[in-house]
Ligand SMILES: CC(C)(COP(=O)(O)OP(=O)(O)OC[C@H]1O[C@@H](n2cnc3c(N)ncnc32)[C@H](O)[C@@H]1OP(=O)(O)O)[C@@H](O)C(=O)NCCC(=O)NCCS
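In the form predicted alone, a lone chain appears below as structure tokens.
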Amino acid sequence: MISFSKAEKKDFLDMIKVMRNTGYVDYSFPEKSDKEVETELLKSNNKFFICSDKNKIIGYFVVSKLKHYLDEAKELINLNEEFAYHFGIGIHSDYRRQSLALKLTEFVLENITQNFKGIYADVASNNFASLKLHEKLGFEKLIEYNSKKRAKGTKNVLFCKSFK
């Protein structure tokens, strides 16, 4: 039985295993142990949501306040600071192709509408699954731009979705 919930402290080490499986940890926290990653995630102001199969965590979604993110995009376009920032999503490789990323994103969107007026997502132009997901959920494509954080030849695609 698949379920969705807000992550609790007890969930973090298992969530980090999924983050390792998707490449998120190696990209964001190179050469750090799971315990070190857990410490950094817990002290962040990010909100974490999880997808579970019979109490086994199989997916994650990270959302944050926009305040500290999208600096390169902010130089190009006016962004609403009352919107959330979709920091990352991942589904364990054994559970892909079951629409779980779509269902997890829908769950998160339903659960953050009271705290934010909308959400931004910054997607790599070669991440076709994520591009399709955001379009399917009604996110509006705002701009494509080059970023220092992406490999040469890969652009950022900035999406937004208003709640109100």
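One rule holds for the numbers: they count along the sequence shown, beginning at 1. Being a predicted model, the structure only gives us computed values, none of them experimental.
One more form of this protein should be noted, the form predicted in complex with the ligand, which is absent from this view; the next part is about it.
K.L.:
Is the gap between K65 and the ligand in the predicted bound form 4.5 Å or less for some heavy atom pair?
P.N.:
Heavy-atom contact with the ligand at 4.5 Å: absent for K65.
K.L.:
Just checking whether A84 would be counted as a contact of the ligand in the predicted bound form - the rule being heavy atoms within 4.5 angstroms.
P.N.:
Residue-level check for A84: no, no contact with the ligand.
K.L.:
Quick check on L42: any heavy atom within 4.5 Å of the ligand in the predicted bound form?
P.N.:
No, L42 sits far enough from the ligand in the predicted bound form that none of its heavy atoms falls within 4.5 Å.
K.L.:
Please tell me whether any heavy atom belonging to I112 falls inside 4.5 Å of a heavy atom of the ligand, as the geometry stands in the predicted bound form.
P.N.:
Because no heavy atom of I112 falls inside 4.5 Å of the ligand in the predicted bound form, the answer is no.
K.L.:
Considering the ligand in the predicted bound form, which of L70, L133, V37, V108 comes within 4.5 Å of it through any heavy atom?
P.N.:
For this set of options, the contacting one is L133.
K.L.:
Looking at K32, R96, K117, K56 here, can you tell me which has any non-hydrogen atom within 4.5 angstroms of the ligand in the predicted bound form?
P.N.:
Here the answer is residue option R96.
K.L.:
Though the partner is not shown here, which residues of 12-33 have a heavy atom within 4.5 Å of the ligand in the predicted bound form?
P.N.:
Going through 12-33 in order - heavy atoms within 4.5 Å of the ligand in the predicted bound form - there is one hit, T22.
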